[in-house]
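Just one chain is shown here, as structure tokens, and it is the form predicted on its own.
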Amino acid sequence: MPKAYVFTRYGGPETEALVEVDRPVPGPGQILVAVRAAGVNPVDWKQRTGYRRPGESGERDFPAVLGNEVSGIVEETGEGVEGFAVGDEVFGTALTGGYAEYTLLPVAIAAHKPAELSFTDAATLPVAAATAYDGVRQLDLPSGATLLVTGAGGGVGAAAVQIARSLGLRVVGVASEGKKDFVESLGAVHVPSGPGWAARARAAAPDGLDGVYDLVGADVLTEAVELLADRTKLITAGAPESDVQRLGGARVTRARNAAVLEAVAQLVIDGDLNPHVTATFPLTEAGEALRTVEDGHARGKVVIEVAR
């Protein structure tokens, strides 16, 4: 039986385990994928604690496989699937969890993996890079405008900085002092996080900020909005809808379609987006991979590589 890294109930890391599971069976509009790589994201551990994405409802069936973004090879196609065939290299959003040897992808949010793109890099795109892309496009700032990105050293933040830079934006990136060199290598002006960060950000952008892309939430979100003249240019992927609406901003609206996946893949191929995979782990060490992200020490992207 294939293996998967799961959580057996809502809670902390003590709920996680590597277990054997049944191989998923693709339904209509789905493809079965032999996973080659799975991206690790903060939303993975948040879901383990009981977090639901906006619009989600219903209880999970346990054990639930962790992970949301994967790349791999099509093993089987479900009824009505067009445009995908057995043997195709693909990447997309996992329907049945990504930290696994096999998963299901809905074809609506799956794309063919370009030959120029490695499985490891492709696995970083469906959640992190696509969220970054959706948010930057949602802000719709003109070339030359200044964008502040909080949490700029993480997977989504690093992608947002690079995508914004490719569109001609000036970027101020808030991240820990230990990520200074990394954030600056992305083309952003680094502002150390922690107490007083907002004053430092204001000093780094004396002509003002035209937009804020928040990936942290809580007090950081509340402080960030005070840096904007136009609060409608505040978006977040790090706070609940209610929190940001109260401040006059909005959550990032996710497109969740193949067109966005193809767009971010092309950015990588063109050299405008480096996924910056800084650590890889085998499936047997999926827990360690998730701790790296959950503890906040990850710089760039962490990926689980599934051996064949």
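Numbers for residues come from their place in the sequence shown, where the first is 1. Quick caveat: nothing in here was measured; it's all calculated off a predicted structure.
Although it is not shown, the form predicted together with a small molecule is what the next lines describe.
Joint contact, Gly151, Val252 and Ala298 to the small molecule in the predicted bound form, by non-hydrogen atom at 4.5 Å | Yes, the whole candidate spot contacts the small molecule.
Selected contact from Ser176, Thr77, Thr93, Thr96, since only one has a non-hydrogen atom within 4.5 angstroms of the small molecule in the predicted bound form = None of the others qualify; the residue that does is Ser176.
Of Leu234, Leu215, Val161, Val136, which residue is found within 4.5 angstroms of the small molecule in the predicted bound form when only non-hydrogen atoms are counted?
-> By the 4.5 Å heavy-atom cutoff, the listed residue in contact is Leu215.
Answer with yes or no whether Gly72 is in contact with the small molecule in the predicted bound form, where contact means some heavy atom within 4.5 Å.
-> Close contact is absent here: in the predicted bound form, Gly72 is far from the small molecule, nothing within 4.5 Å, heavy atoms only.
Looking in the predicted bound form, any heavy atom of Pro42 within 4.5 Å of the small molecule?
-> Within the cut-off, so yes.
Wondering, does Val21 line up within 4.5 Å of the small molecule in the predicted bound form on heavy atoms?
-> No, Val21 is distant from the partner.
Any of the heavy atoms of Ser193 lying within 4.5 Å of the small molecule in the predicted bound form?
-> It does: once the small molecule is placed as it appears in the predicted bound form, Ser193 has a heavy atom within 4.5 Å of it.
Look at the stretches 30-38, 252-260, 279-287, 266-274 and give the one with heavy atoms within 4.5 Å of the small molecule in the predicted bound form.
-> Going through the listed ranges, the match is 252-260.
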